[in-house]
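Starting off, we have a lone chain in the form predicted on its own, written out as structure tokens.
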Amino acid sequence: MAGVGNRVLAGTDRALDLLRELPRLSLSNIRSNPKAFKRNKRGRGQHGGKKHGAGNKGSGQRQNFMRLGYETGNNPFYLRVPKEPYYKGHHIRREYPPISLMQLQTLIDTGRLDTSKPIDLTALCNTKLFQLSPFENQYGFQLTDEGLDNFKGRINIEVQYAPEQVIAAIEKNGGVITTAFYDAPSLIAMRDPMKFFASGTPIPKRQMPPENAVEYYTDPKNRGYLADPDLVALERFKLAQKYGYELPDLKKDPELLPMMLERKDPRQIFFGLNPGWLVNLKDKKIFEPEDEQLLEYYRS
């Protein structure tokens, strides 16, 4: 028995001597147990072929994937289905971002809009709450009837589109509304007047509306800026009878009357500034054209 105990002690001593000679345990000298992880080898294919599951030649093997909607030469789905006429020319249609009467009343209550002056597209853009991009076919704003019952403002406003309910809500409070068209160069100048004046460019002349918009802006029911003023006054009276309200008499307020009757010329884009004028912000001066040809161009 004594011999067995000596052999155990000798084996223990040899193991301890081996541990003393081995390096210290660290991340650099440890490894996982054998077969602890399965190696991710490339497959042999379905039937032991040499394509490795990628198929035989062509775009499938080379991972040259076809574009979305391509049907390898067949007539694709988006060409087989007939076109909807509603979407014809949708990429060139004019867009009018909405502004509700509720938002308009909030701007008035918070002092972002001055009701003692006419409100146009420039005044709305100067609030810095509404953005307009003529490059995305946005040609102005439209007033919507949200907040119709709570609107109490008495304003002179000019927008690009307004339904009948909105027109009635504004005129019921003694206000005036006009719908007007602006071309893309005019909109670029109006959405940021300070940047436009700093560029040193003369104020452009507003162009007439396109053929498909002439009917809207010459209709007194829409309060178009090209409509006959006498017919507009008649339509104001008819709309008041239709919705059952009485038109306030603007002549009873002589201080507010000039502002309510203020209008832009069909070629004008800024109140108080004529086309062709050059505004110098640094010197605070306005330069007017003197050449007869320029005067005739901006006057026509």
Partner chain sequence: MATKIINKTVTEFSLRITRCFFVPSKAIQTNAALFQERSETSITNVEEQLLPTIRPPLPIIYSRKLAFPPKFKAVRQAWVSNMDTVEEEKLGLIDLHPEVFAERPRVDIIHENVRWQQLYRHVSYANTKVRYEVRGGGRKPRPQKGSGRSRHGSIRSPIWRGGGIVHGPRSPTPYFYMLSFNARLNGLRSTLSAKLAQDDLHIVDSLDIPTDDPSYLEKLVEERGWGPAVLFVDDNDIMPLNITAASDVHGHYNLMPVYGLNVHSMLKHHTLVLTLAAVERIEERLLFHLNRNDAAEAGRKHRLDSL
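If you're wondering where the values come from, they're calculated on a predicted model, not measured in any experiment. Rigid core: the largest C-alpha set superposing within 1.5 Å between the two forms. Numbering follows the first chain given and starts at 1.
Omitted from view is the form predicted in complex with its partner chain, to which the following refers.
In the predicted bound form, residue 31 approaches its partner chain with a heavy atom inside 4.5 Å. For residue 68, no non-hydrogen atom is located within 4.5 Å of its partner chain in the predicted bound form, even though that partner is not displayed. Although the partner is absent here, residue 91 sits far enough away that none of its heavy atoms falls within 4.5 Å of its partner chain in the predicted bound form. Contact check for residue 165: no non-hydrogen atom falls within 4.5 Å of its partner chain in the predicted bound form. This chain is displayed alone, yet in the predicted bound form one of 74, 127, 137, 212 has a heavy atom within 4.5 Å of its partner chain; that residue is 127. A heavy atom within 4.5 Å of its partner chain in the predicted bound form is found for exactly one of 80, 112, 221, 83: 112.
The stretch from 55-63, 23-31, 249-257, 236-244 that comes within 4.5 Å of its partner chain in the predicted bound form, counting heavy atoms only, is 23-31. Relative to the superposed core, residue 284 undergoes a Cα shift smaller than 2 Å between the shown form and the other one.
Relative to the superposed rigid core, residue 34 undergoes a CA displacement of at least 2 Å between the shown form and the other one.
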